[in-house]
Each structure stands twice: as C-alpha cells, then as structure tokens.
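Considered here are two forms of the same protein chain, supplied as structure tokens in two stand-alone entries, structure 1 and structure 2.
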Structure 1
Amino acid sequence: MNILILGGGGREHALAWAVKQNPKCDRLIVAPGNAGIAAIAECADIDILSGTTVVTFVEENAIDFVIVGPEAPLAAGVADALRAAGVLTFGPSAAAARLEASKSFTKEICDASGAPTAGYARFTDKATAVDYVRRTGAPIVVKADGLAAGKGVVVAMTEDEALTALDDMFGGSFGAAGAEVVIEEFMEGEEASFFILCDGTDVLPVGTAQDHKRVGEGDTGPNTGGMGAYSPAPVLSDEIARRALEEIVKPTVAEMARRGTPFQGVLYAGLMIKDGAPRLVEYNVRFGDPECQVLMTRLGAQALDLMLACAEGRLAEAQVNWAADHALTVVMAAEGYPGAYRKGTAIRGLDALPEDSFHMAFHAGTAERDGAVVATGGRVLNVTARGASLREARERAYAMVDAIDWPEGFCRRDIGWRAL
C-alpha cells in the first residue's frame, strides 16, 4: 500500500514509525513531516488544511490510505474531501470532529447521551461570564470553546486566575477559539487518557495513558500541550475502563450516529477518575500528543492493521494484542516554553542514540539546516522507551535524554511519578 500521513509533529513521527514496520506499507509519505520523519519516510510540503490540495496530491501519488494526524485538518473537513473522492481515510468528518472543535458541542452530546461529565455553563459575552465566576467562586475551569492547540484550558484555583483567563479569551488571545467560553465545575480525582477506535458503529479500546500537562515538576506551573506520558495508566483499571466504555464512549458514539454524523477514527476520552467512577473531562478526535508516542511504541506494526480495520468498518472482527510492557516518553522543550522561546538552536547527539523497538527519539518540532538538526517549535523531541516495568522504561528514556546535547532545551525529570 501507498500510505500518506498528514501532520509534522511527534505524534506523526510515532505513527509513521509504527506504520513503516508493517509489511503492508510499500511507500510512506508524511506531509509536511520534520527532520526525524525524513529519516524513515518521504516528506511533502503541501497545505494539509486544504481538502482540494490533499485530494490532488493523493491522486497524483496513487495513495491507497490516508491517516490524518492533527485536529486542524479534521475540523477543516479534509477527511470529508478524501472520502468524497473515494479515498480510504482514517479520521472523522468535520461534523464528527466537533467533539473536539467545540467544547459546548461535546457538553450537548453528553447531556443527550447521559454521559457523566462536569457541570457547566456557556457564554458568548465577558460580563455574564465574569458574573458567573464571581457567584460560583474557585476552583473552577475556564475553556475556550474552539481549537486552541491544547492551550485553551485554564484550571483556575483562584477567582483572579479565572477572571484573567476570561480577559485573555474574550480579549482574543486564542483568536476565534475564545469567542465562546465554557466554564465548568472543578472535578477532583486523577486524570487519565483512554483511546478507542470507532468505525461509526463498533468500538475497540486500543490503550490507556497518562500525560503530564503542567510545565513544572510535581505538576506545577502553567498548562502545556504535554510534557511527557506513560502507558498503560494504572489508575484506569479494567473495571474503570469497562465503565467508561459503557457509560461514556458507547452512548456518545450512538448519539453521534443517531444525529447522522457517525464517528469514525480514534476517540480520545480524557477522564477524571474518583472513587472508581470515571467522568468525561473532554474528547479529542485524534491520538494525543505525547500519548500517541507511548501507544505506538507498544503497538508497533499492528497499529496499521487496526487503523485499516477502523477505516474499512471491520472493527467488530479486530483485536489488539498487547504485550505486558510499559512505555514512557519525556518531552524536551525549548527554554521558555510554554511562553516565548527561541527557535533555530542546534541539537546534537541524536545520531548516537539507540533506535529500536525499546528506544526511540521522536521529533516534534525540528528541521534540518546545513546538515544540523535545529529546534523549530516549543515541544521539540519526545524521547521514548519501552521496558518490562515502568521504572525500566523511565530509566531508559532518561538515559537517552542525558545523551542529547542541547543546552537550550529542558525537560521534566519526574515523568511517571504518580504511577511510580
């Protein structure tokens, strides 16, 4: 098969790495890709937000299967354009992608399907939202309704933090994403990520993970897109996963189908777990980043077979073969992230790192310039390792981190601390 993956981050490097191991993959193209992806696949610089452009590229390159990595092309309807052109595609329609693209839409679906989630209110003007915060008090959660690259959520522990978040969102800090705001009750418990493939009718759980959102050790400081992750997540026991599937995921999938917008792709349910009961924090409609890196490290070549079964509507006959292993990824970020950071700094030592099914440095924000790998983003590398235990995976990952020569980068040194 000729396969195209859309995206250029750590998630797409991990997807490409897993897909490449499957003998069904003959030719692999990633658009736009990055310096790490270029070592294992062809890269193509095309506009992945334009359905017309992507369809033309697919036809010119005789692509058999397209995997859409990030949320932005999904929200832009690229999967719709591909399916309309008869192209086998992994990823939901724009209508179904609203489960991530609109927080208020997700709440509406939860209300209709009876899925347990936080109490909430939605606002389109700042004054009413400010009154609500003052009446409700803190802690409270303020969310930009639309897509904000993983940064549009503020868990405000004080009233002032919540009011500052409203100033930012209604002031345009998140562009159109902040034109509408959802304010939720603060849920106590432990968060975990549950990944489920859906083909519009059937569902298949494909893994659990836990990521570390805050920039500082001990889960302190501002939220980020994720500073590290590990899989499996011990807090998401078999019984809690079963409850989440029956009480949250299946009712959601049924409600989406009832509305004529069946969900096909991967549904990432962010869950808050307290006293053995899961509640939905939010949905994403693609693999998490950096959770995808630990899932793909554990799944390997079968990831392609599972995504094909999903796209072809054959999930009822598919099954996941899990090894009794653990994986952990450490995000190396540019100094200053998630605030202002420098681009263009050189990263050395990558060539000497081990690359096998137990060690992999996935590139998230890199490019090659004059023969050197340079940082081009905030989150730059996802240093990932597998082991028989989480402790072993962590030791291997940090040994790789320590071998990388990048003075302008930093990472958290405590990834996996909750489970360990």
Structure 2
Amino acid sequence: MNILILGGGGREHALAWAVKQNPKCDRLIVAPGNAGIAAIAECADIDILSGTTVVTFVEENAIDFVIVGPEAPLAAGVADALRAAGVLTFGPSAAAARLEASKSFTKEICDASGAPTAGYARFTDKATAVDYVRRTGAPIVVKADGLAAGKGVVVAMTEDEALTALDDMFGGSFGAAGAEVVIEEFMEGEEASFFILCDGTDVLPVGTAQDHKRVGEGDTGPNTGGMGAYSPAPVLSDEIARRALEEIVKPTVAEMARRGTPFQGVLYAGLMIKDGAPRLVEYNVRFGDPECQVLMTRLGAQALDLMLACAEGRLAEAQVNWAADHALTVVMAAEGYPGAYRKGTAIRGLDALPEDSFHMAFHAGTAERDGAVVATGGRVLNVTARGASLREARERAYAMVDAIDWPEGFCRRDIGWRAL
C-alpha cells in the first residue's frame, strides 16, 4: 500500500522507519520530512495544516493510508477532511483532539468519567484568578487553556510565581490559548507516559516511557520539549498500567464515544504516580516526541499493522508481540536550546553510524545542504538504541553520540538515570 506520514521531526522519522520495514508498505511519502527521512522515504513539501491540500495530494498520489504525526494538523481538522474524503486515516478528529487542545475540556471529561486527576478551577477573568491563588497558596499549577507549544504550564512553587504566570497569560503572552486559564492542585509523585491505541471503542496499550523535560543533567534548568526518553518505564508497573487503563483511559474513551466524538488514534496519557495510584496530568492526542522513537524501536514493523487495525476499528482482535527489550534515546540539541540557538551548523560522522534494529539516529531538525547534513532546529538528532537491558541500550546510544562530530551540539549524559 501507499502510505503518507504527516510531519517532519524525529517522531515522524521513527514512524517512517518502522512502517518502511513492513512488507505491506510499497510507497512511503513523508510531508514535509527532513534530511534523515529523505534517506528512507520520499519527502513532499506541502501545507500539512490544510485539509484540502492534504486530500488533493492523497488523491494525486493514490495514497491508501495516512498517519498524522503532530497535534497541529489534528487540531486543524486534517483527519476529519481525510475521513470525509474516504481516506483511511490514523489520528483523531478535531473534536476528539480537544483532549490535547483544551486543558479545561480534558478536565470536563475527567469530571464526567470519574478519572482521577488534580483538583482544578477555570478562569476567564484575571481578578478572580488572582483572588483564587491568594486564597489557595502555593505550590500551585497555572495553565493556559489552549495549545502553547508546551510552554503554557507554570508549576509555581511560590504565590509570586503563580501571580506572574497569571499576568503573562491574561496579558496575552499565549494569544488566544491564554484567554482561559486552568489553575490546578499541585500533584506530587513520579511522572510517566502511557501510550494507548484507541479505535473509538476498544483500546490497546502500546508501551510506556519516561522522558527528561529539563535541559540540564540531574533534571535542572529550563523545560524543553524533551531531552531523552526510555521505554519501558519501570515506575509504570503492570498493575499501575492496568489501573490507569481501567480508571482513566477506558472511561475517557467511553465518554468521548457517548458524546458522539469517538477518539481514534493514539492517546498519550501523562500520569503522576504516587503510592501505587496513577492520576492524569494531561492527555496528548499523538505519539510523544521523543517517546515515539523508543516505542517504534521496540515495536518495529508491527507498528504499521497496529495503526491499521486502529484506523479500521479492529483493535479488539489486535495484539502487540512484545520482546523483553529496552530502548533509550538521547536528544542532541543545538547549543543554546531551549533559548536562542544557531542554525546551519554542519553535523559529521552520521554515515559511519550503525543502522540496524538495535541502532538508529533519527533526525529531528536537519536539512541537507551541498551534500552535508546541517542542523535546522533546536532539537536536532534522536540517537536511539535497543538492548536486552536499559543499561545496554544506554551504552549503545552514548557510543553513537560519541561518534557524532558536531561541536555546536550538546546532549544530557544522564538519560535513564531514574531507572538505573
């Protein structure tokens, strides 16, 4: 079959790498793709936020299946446009993507389905929100309601920080995303991510992971999109995963179906685990980036069969063939990230890296210029390895990192520390 993947980061490189290994895949196009993806698939520079453009492209190229990587096209209704045109699609409708696009919507669904999560209040008016923070005190969590590229959440350890966050959000720093603010109870515990395919009715867990959000070693410094990840996440034991599925995920999926907006795609549940009980921090409606890289490394070619079963409503009969393996990915970023960073610096040594089912350097933000690979983003490479143990996966990943010649890049040297 002919397959189109939308997106151009490390997540989409990992999806393409897994899909490409499946004999069902004849032709693979990734839009827009990147320099690493171009080595294994065709890349097409089209506007992936326009449903009309994507549908036209699909018709012109006889595409049989579309996999939507990032949240922006989902929130923009691209999956709706594709399904309306009769195209088999992996990814939720815009209505179901509200589970990521609106924090207050997610809270409403948690209330309706009884899913455990932090207590909260919603505000559209600054004075009332300030009054609430003064009465409640810190620590407290302040969130812009809408999509804010991961920057709309302030975990305030002091009342002053919370009040500054309210100034920013109601002051328009996040545009329309900050017109409504959700203030939450601060939850203690250990965070982990749980990925579940949902076909609207049935659910199938496809792995757990833990990422490293802070830029610096020992989880210090500013927040990033993620500096590394590993799977499985030992803190998400079978019993906790079972509880999360029964108490959080299944009730959510049932409530979405009851509302006439069934969720079809991958649900990424961010969980806070304390005293053996999971609570929901947030949902995303797509694979995590870089969590997808470790999940795909472990799932391999079967990922395509699972996503097809999901899109065709056949999850009840699908199953994952797990190996007793571990995967770990190290993000290499451009110096300065998550602040201002240089673009266009050359990366050498990539050609000499091993590329097999145990080793893969996924590209997140690269382009090819005059035959050389150059960095084009903040997070640039996701150096990923698999092993029989997490330690082995980690040794393999860092051996690859050490073989990459990129003086303007950096990475954390402690990915996996919590689990090791």
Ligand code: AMP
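These numbers were taken from a predicted model, which means no experiment stands behind them. Whichever C-alpha set is largest while still superposing within 1.5 Å between the two forms counts as the rigid core. For numbering, take structure 1's sequence and count from 1.
- Looking at both structures, it is structure 2 that matches the form predicted in complex with the ligand.
- Residue 123: CA moves 2 Å or more between structure 1 and structure 2 after rigid-core fitting.
- Shown in the overlay between structure 1 and structure 2, fitted on the rigid core, is a CA shift at residue 136 of 2 Å or greater.
- For residue 349, the Cα coordinates differ by under 2 angstroms between structure 1 and structure 2 after the core has been superposed.
- Lined up on the core, residue 171 has its CA atom moved by 3.6 Å between structure 1 and structure 2.
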